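Here we start with a single chain on its own, the form predicted on its own, put down as structure tokens.
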């Protein structure tokens, strides 16, 4: 039994939907199909989700929404026409899109989520109709009926543990179930979305809930590469990696898979494979709890930018009981999330995403560190990137960090910080952003020397 998720690029047009139909028909074990909203057909196109955001903004600012509605409906109509589907499905979609502009605005914290979810919801209706027209016993299933009950956190919904009992009952269904991704329903019957890209999360939840043998995530690439193809020319593709490795790579900029999507499948011990809708015969990249072969010490190298570091020092800091807690309390009171905290005996660096640090918060942090904690020095360092060297086998190979630092040194790249957790799944390097791509290439050459990078 397989749960299959298709991303927006896989569902952008009638031509793409025909590929999806062939994929589902080719394997009778593919019984649960999770769909995104239609993505871009070409580089200048607009995603349906982005069109819905514009529609929402027009509606909530009391503008005429007719043009916005018509564009979205026409987008679905184009697909319906090209697939020769009955217009009854288009009527349902049109009614759903138009009805959004009748919902209450004031005192409705779920309005934005309801608008956004319409992309996936209407696409699922269309795809189920397309499957039936082509001989498949398929039906559309709303997340409410599926049992995807979530917390009341608009834009950041979490599946409720009690949902899994209801989801398991879906195993007994004979039809192919087409379920919209990206959102669930609260206990009070409100539409509530997962974080953006959350169709991956829906697929993972379904896979765990029905205890699938495999969760297939179809996108527009042949799996995951050892480095970003836009940085390294023709990097190695990764055949297999672990959930922990994927989490590290996703954190540091690998955007093929939504990182939160790993959690339900990981906990349910469901293997996951990333495949290409446009090249379904390619084996893709399989993500498992434990890799079958030892392989190379490093499976992937990722880089991400827009980090800053709060650097502080205080003489005899290590003797001051509770100093670290006091620093963290300052951040907590300002609602700031930190990423990494490398320390010395008299100094500490707190690495943050740049978006966490507004000018007002920055001023308050410096003031409190100086006034309350009486630090000797504090400064904010900007324009930083992190480079993650990832591989669970690093712990059984001597000299991985030495090889990495030599590669960076030979490329004249200065290290601002270096950090490695006790699990030894990854090594993190902090460097200036201007050197990020150069560093990824240098590390790739060091650990994948057979490839011309």
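Numbering follows the first chain given and starts at 1. Quick caveat, the model's predicted, so the values are computed rather than measured.
Below: the form predicted in complex with another copy of the chain, not depicted.
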All of 340, 388 and 395 with a heavy atom within 4.5 Å of another copy of the chain in the predicted bound form: yes
Please tell me whether any heavy atom belonging to residue 406 falls inside 4.5 Å of a heavy atom of another copy of the chain, as the geometry stands in the predicted bound form. yes
With heavy atoms only and a cut-off of 4.5 Å, decide whether residue 316 touches another copy of the chain in the predicted bound form. yes
Although the partner isn't part of this model, could you tell me whether residue 360 comes within 4.5 Å of another copy of the chain in the predicted bound form, counting any heavy atom of the residue? no
Can residue 66 be called a contact residue for another copy of the chain in the predicted bound form at 4.5 Å between heavy atoms? no
Given a 4.5 Å cut-off on heavy atoms, tell me which of 134 to 142, 247 to 255, 275 to 283, 173 to 181 is the interface stretch with another copy of the chain in the predicted bound form. 247 to 255
Checked 213, 95, 381, 169 for heavy atoms within 4.5 Å of another copy of the chain in the predicted bound form; positive is 381
Exactly one of 347, 222, 304, 236 comes within 4.5 Å of another copy of the chain in the predicted bound form through a heavy atom, and that residue is 347
Sequence-ordered list of residues in 12 to 26 near another copy of the chain in the predicted bound form, where near means a heavy atom within 4.5 Å: none
